[in-house]
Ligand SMILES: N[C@@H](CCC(=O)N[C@@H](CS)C(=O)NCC(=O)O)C(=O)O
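Before any questions on how it binds or moves, here is one chain, the form predicted alone, in structure tokens.
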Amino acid sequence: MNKPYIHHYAPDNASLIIRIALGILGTPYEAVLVDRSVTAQQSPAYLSLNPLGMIPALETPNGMIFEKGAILLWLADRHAGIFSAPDNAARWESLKWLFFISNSLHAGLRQMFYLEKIIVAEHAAKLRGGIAQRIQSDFAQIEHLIVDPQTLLGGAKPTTLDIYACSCLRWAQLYPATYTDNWVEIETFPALRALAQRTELLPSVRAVQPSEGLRPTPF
């Protein structure tokens, strides 16, 4: 590769997952801030990179990639070490759980946080109860994966699935408990909590803490 990747990020955004993955891989990259305080993600310059106006986006020698799942999978297929290789028998299992975390767990957390953008406020409270129940169920699925003897999460080497699951756990704890009476209690998921405690000790996590605005124990 002739030049490093250019990673367009915003602090404590979905781009956090990509930055940690790049750090684990030891792949050189340039981090470029997308300032959400001035809605830079909707600027003409950024929309020319990602027409969806979403963060993250990754510039590569092969072109621009956006959507976090696509970025993670693209990186994994070009840099061994964080995901099952295409010829690995566990590839199909890894793929389905990557997209489960992205399309169900993470999507549910986004709905919980931004619900007033998609539904009128007077109906949001009732809907949040149902979303919270689904998120609890999704975290239970992750917990089961970690304790399974054939686990895809929580192994000796950190993976994309580990990073993603722990990041979702972080975001769940940031949401106000007043959103719903039935919210995520970290003590309910001891295996995931232990994985998060190990993951936050990774050098790649420590390296991005200042620019991401993370506390010493981010997960």
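In this text, residue numbers run from 1 along the sequence as written. This is a predicted model, so every value here is computed, not measured.
Not on display, but discussed next: the form predicted together with the named molecule.
Taken together, the three residues A14, G53 and R110 all lie with some non-hydrogen atom within 4.5 angstroms of the named molecule in the model of the complex. The named molecule is not shown here, and in the model of the complex it never comes within 4.5 Å of any heavy atom of T60. Under a 4.5 angstroms non-hydrogen atom cutoff, the named molecule in the model of the complex has K117 among its neighbouring residues. Of the heavy atoms in T159, none are within 4.5 Å of the named molecule in the model of the complex. Contact check for R36: a heavy atom falls within 4.5 Å of the named molecule in the model of the complex. Partner contact region in the model of the complex: 66-74, out of 151-159, 66-74, 186-194, 24-32, criterion any non-hydrogen atom within 4.5 Å of the named molecule.
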